[in-house]
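We begin with a single chain expressed as structure tokens, specifically the form predicted alone.
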């Protein structure tokens, strides 16, 4: 009996042992090829997307069209930076799951850097969608504020180890913020896009975005942070595929449309001016 008890204790210690230094986490990531590729592929796609936007936007002259292109570029700028942080082990940690969790007592990989990606990139996605729909600044800023709150509370859910109930409560709060954003996109902006004349493009973008975004909380719930049905690598790839759809594919569609400078997008050279031109009179 003593031998069995000793063996069980040793096994538990091995399970609980996890990389601690950044170098160890880096090695851990690249020892798992599937996990590493979920980061590297997105770094490459983000870089290619930036080059694509630069190439397609060279002939665009309208300030409003340029604003949309810059916002789309910033989505990939944030992504390439964030995924580099994940691949390097900088924004990854091992945390111990609380009592009641399927992997309670174990230290599991938490990719908290993904929440940084979403916090800084999703506002730019919403700015693009809002501008294409022809919405006003108030609604655009409202969605940006709620998406930041959604991502920060999602991060809190992932990092809370004091109580399983509190982890899920943070998740519920984050989901409620998400539903506010969905309402604005599906109801308010859909109606505005009809009036603006961008309904065809906007409807495609909203489906890709909203359906894709619903996948994130589902993956959270099924992944190691939730009920742990999916392992870390599969969860990471799930998030990466959703990022590819809601960021790079959406960006491609937007850029191809905006680069043609249709009337529904353009706003004239005075758009966004901080001061109007002053008319002068001559004494002649």
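Numbering follows the first chain given and starts at 1. These figures come from a predicted structure and were not determined experimentally.
Omitted from view is the form predicted together with ligand RET, to which the following refers.
The single contact residue among 81, 175, 142, 93, judged by any heavy atom lying within 4.5 Å of ligand RET in the predicted complex, is 175. For the options 111, 125, 193, 205, the one in contact with ligand RET in the predicted complex, meaning a heavy atom within 4.5 Å, is 125. In plain terms, the part of the chain that comes close to ligand RET in the predicted complex, with a heavy atom within 4.5 Å, is 114 to 122 out of 129 to 137, 114 to 122, 84 to 92, 195 to 203. The shortest heavy atom separation between residue 213 and ligand RET in the predicted complex is within 4.5 Å. Ligand RET in the predicted complex comes within 4.5 Å of no heavy atom belonging to residue 226. In the predicted complex, ligand RET sits beyond 4.5 Å of every heavy atom of residue 146. By the criterion of a heavy atom within 4.5 Å, residue 49 is excluded from the residues contacting ligand RET in the predicted complex. Along 134 to 164, residues 150, 154 each place a heavy atom within 4.5 Å of ligand RET in the predicted complex.
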